[in-house]
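In the form predicted on its own, a lone chain appears below as structure tokens.
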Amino acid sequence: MKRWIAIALLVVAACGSDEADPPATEPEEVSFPSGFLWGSASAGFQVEKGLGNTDWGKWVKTPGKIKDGEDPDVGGADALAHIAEDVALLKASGQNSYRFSVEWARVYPTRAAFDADQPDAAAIAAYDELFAALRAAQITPFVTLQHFTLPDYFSDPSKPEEPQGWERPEIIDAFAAWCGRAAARWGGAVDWWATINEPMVAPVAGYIQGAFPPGLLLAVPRALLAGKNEARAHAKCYDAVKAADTIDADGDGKTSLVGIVQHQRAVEPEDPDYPDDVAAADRVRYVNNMWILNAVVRGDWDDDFDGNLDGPNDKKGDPALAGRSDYLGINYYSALWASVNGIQVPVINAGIKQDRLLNDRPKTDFHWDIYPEGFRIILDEVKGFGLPIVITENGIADSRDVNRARFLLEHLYELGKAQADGFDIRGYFYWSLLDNFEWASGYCPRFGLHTVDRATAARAARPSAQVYARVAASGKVTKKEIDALPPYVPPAPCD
């Protein structure tokens, strides 16, 4: 009802005016401040090899789970064997920061090793080499402590009937221990820590859609339990990193900044003229975009996910959770539609569609909408938390590199406008540095600024990498350079 009243008031106001307000003028140029983090991102399982001792390591060996049966150990980037090359790619494309994950299961390959705090020497040496190479190149590391994968001694998808991963109560303290040890080991090199990547995505994909381990369909109570434990684990991880990392790595007088990385979609009703779809979109937006941020920033614990704090297990301002993010890591790719039609996901009571949306927007090779205006929508949603923002992922599947330059500039233009409007945005990480293993989709969706030869692992820059380099060097994006680019072309399968 409030929505229709608001619309009516706007109509009355417009009719009562002598003339309509002129359209807002778009700036000819946007700029970014000195010290802005210009980077790209990766995740260990997607670019490293030898992580078979993870839930995903077992998942990819399960027939039918990965498109075309592809394997990250076959034809992948093998990043830890190509550290010098990848750091050189970062420098050549003008980047001053790199977001990557340090893999828990690589450092502690077995439960016995973890319990005894006996890290694998080869793993420590490999990550030490990466940190040293970044430091020598004056590239700021931005480290993720958990990017979807978990050690197989906590998460074994071959036993889906048993509690897995984030469902298990002991994993909260175990994850905090991992965070503290990583911070103690590498705190001298790191001032930016991300605890958990996209905490709402893994439960949805693993327990509702069946595309991630443990591969269940509509197991909503288990999905919600996993999400809740991720929020609690993040808070304990935050405290552990703060306790262990007291070193000012970059000499700016500040010690570690710790935050969570949240996947935000611009959530739209499938039919904006249908009130039930509008309400469904509001429910999806709350659970997907806001629930965990409310918990770890404000300490508002909505135990039943109903949007209110009046339940028997709800809490407002829980001191065990509140204030546990120094910044907000935001991943933005596209929009999704919510509807009361189709398969309904319990609790949110909505159906969700995020690819092949029936509208006029151009599409990526993943058939996601290219929607730079949605960037501002999701930024507006989180501005009220009052925290600095880092765009930890934003990118496009574009195997031919025909749309990436326009995508980059249009999204950075929207980001620059938000910066000019008072948003405290500290950095932008393009996803991804390299073509990589894109989870259940295998190698076909190609997001990289750089290609990877599947036979030799040789890297090569795409033309869009130099477009990014020019922006990083100038700190500016202009309407003129966007308008000079060719229009978007339809998506194509990987060649």
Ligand code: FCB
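Computed from a predicted structure; not experimentally measured. From 1 onward, residues are counted along the sequence shown.
The same protein has a further form, the form predicted together with the named molecule, not shown here; the description that follows concerns it.
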Where, among 152-160, 195-203, 322-330, 241-249, do residues come within 4.5 Å of the named molecule in the model of the complex by heavy atom distance? 195-203
So which of 32, 38, 431, 443 reaches within 4.5 angstroms of the named molecule in the model of the complex, heavy atom to heavy atom? 431
Note: exactly one of 398, 302, 369, 393 sits with a heavy atom within 4.5 Å of the named molecule in the model of the complex, namely 393
Just to confirm, residue 263 within 4.5 Å of the named molecule in the model of the complex by heavy atoms? yes
State yes or no: in the model of the complex, is some non-hydrogen atom of residue 148 no more than 4.5 angstroms from a non-hydrogen atom of the named molecule? yes
Is residue 438 close to the named molecule in the model of the complex, meaning a heavy atom pair under 4.5 Å apart or at it? yes
Contact flag, residue 464 vs the named molecule in the model of the complex, heavy atom cut 4.5 Å: no
